[in-house]
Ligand SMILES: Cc1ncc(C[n+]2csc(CCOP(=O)(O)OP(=O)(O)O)c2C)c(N)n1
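Just one chain follows, in the form predicted on its own, and it is written as structure tokens.
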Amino acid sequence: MTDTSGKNRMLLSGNEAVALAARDAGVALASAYPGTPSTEILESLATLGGPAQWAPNEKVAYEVALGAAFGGARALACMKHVGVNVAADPLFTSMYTGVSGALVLVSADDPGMASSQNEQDNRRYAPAAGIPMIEPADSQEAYDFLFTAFEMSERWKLPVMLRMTTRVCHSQTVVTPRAKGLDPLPTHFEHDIRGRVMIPGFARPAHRRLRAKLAEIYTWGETMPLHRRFDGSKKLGIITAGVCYVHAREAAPDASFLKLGMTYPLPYNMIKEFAKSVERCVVIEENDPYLVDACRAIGVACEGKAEMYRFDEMNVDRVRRILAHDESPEPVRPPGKPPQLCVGCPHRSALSVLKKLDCIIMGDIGCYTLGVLPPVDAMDSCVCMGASIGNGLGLRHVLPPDEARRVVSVIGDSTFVHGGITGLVEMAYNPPPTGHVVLILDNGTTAMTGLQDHPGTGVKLNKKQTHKLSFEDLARSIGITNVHVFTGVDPAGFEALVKQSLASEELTLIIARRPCLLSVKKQKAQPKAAAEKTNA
């Protein structure tokens, strides 16, 4: 029950609201890999004293949370939209296995690509995987909907997706928490071989069970309180969900609204009834025409948006333009300051050396990706976490020898742990004729998303010491014997090492290990902040 006294009102971002709800809902384990716009969920939960931990990547995070849910616990897995790509393998099959406790997957989409390499719309994952999906519009709903997601998961024994977007994740709105949370679920493992071991003979009936449960959820969803209808002018009715509701309500306050809280399975009867009640029905949504396609598929006559509005975030002005059928060029945004590597960043000198040597630089996801911009101008690719090694190996295999010898794969320390280790295994297993050079820019942190720790730092999310992964020992165990650790600040010495490695035609790993300047500042500030808190 939500506290209606008003005494406990809090101003929270959507991420902070999810973290608070996770604690109040009695979550036994929360796992994630940091990535904007979802990072602060686990950080905030850890600050609240909740059971939060970083995983090496999103696939592992989801698998850990799923294992906890197999044991009867409430579990949470959080990731940005592209992280769901990494977790998709266990996600799809987990819809067949189901859970004994409860599992919620938070997918934080990034319309407009504020800090991402693509603008994919993860609503498509819901029907593809068969995972029920609910979408909050603000921080209060982010708090409340997480409880609903757990309740749905416990009732139907299925994972549930809480789909958020950058604007909901990072915007602050007022939240009134529940007066009383949920008690943790009792944990215990029950053997269920036919339900958990997805060999074809067991998976076929499991698929049928999933579809039967989704049919039940569809029927339940037609009357669920997550959906809200506002009857205004009959001349205009707007179907929307998530933060788009906030923009549309401001743009057309007199219109009738059907605000969808659960966007898979959709409440088709409710949608049909609403559309019949208005003269003009318009669907307002960001990115893909997910809702408008679904409405038209059931025969609802509705308007969508022009193709030009498929890109970037929605806002009030864009909604007004859509309602007015205005397809004239949008106002050009004033140019902002482009992102760049920090002054004094150790990545600058390393990338400058590669550029000086005319290397073909296969890049990766991390702050060093900014080396593609002036004044460094040193990066030839950036696809996804860990792709630099595979991309580089592919080039080495097909390019003429003189050109192949110039190929270098550049990857950061956190990214290497996330998706680069298997690339290194591939390098040893299928070595190109000219060898290959992998450069790990090890600054001792996950810098791009806010200086989080990872297995290569030996520090957990709660700042406790743990086993520290040694990249050099790992490489040698794989079969790469030519391993160099460069910790100096001498560009000439680093250049000589790179030249030697390129010329050797051996499989070579270079670890350029220098701490991130911002991370050093953060580490120095932590004891001081702790002391000030103690003395307060």
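A quick note: this is a predicted structure, and the numbers were derived from the prediction, not measured. The numbering used is simple: start at 1 and walk along the sequence shown.
In what follows, reference is made to the form predicted in complex with the ligand, a form of this protein that is not presented.
Picking from 60-68, 27-35, 479-487, 40-48 the stretch near the ligand in the predicted bound form, with a 4.5 Å limit on heavy atoms, gives 27-35. Across the proposed site, Ile365, His418 and Ala447 without exception bring a heavy atom within 4.5 Å of the ligand in the predicted bound form. Taking non-hydrogen atoms only, Met385 approaches the ligand to within 4.5 angstroms in the predicted bound form. Within 4.5 Å of some heavy atom of the ligand in the predicted bound form lies at least one heavy atom of His347. Using a 4.5 Å cutoff between non-hydrogen atoms, Asp109 does not count as a contact of the ligand in the predicted bound form. The closest non-hydrogen atom of Leu158 lies beyond 4.5 Å of the ligand in the predicted bound form. Only one of the listed residues (Val353, Leu214, Ile271, Val86) places a non-hydrogen atom within 4.5 angstroms of the ligand in the predicted bound form, and that residue is Val86. Think of it this way: in the predicted bound form, the ligand has a heavy atom of just one of Asn443, Ser409, Ser139, Asn122 within 4.5 Å, and the residue is Asn443.
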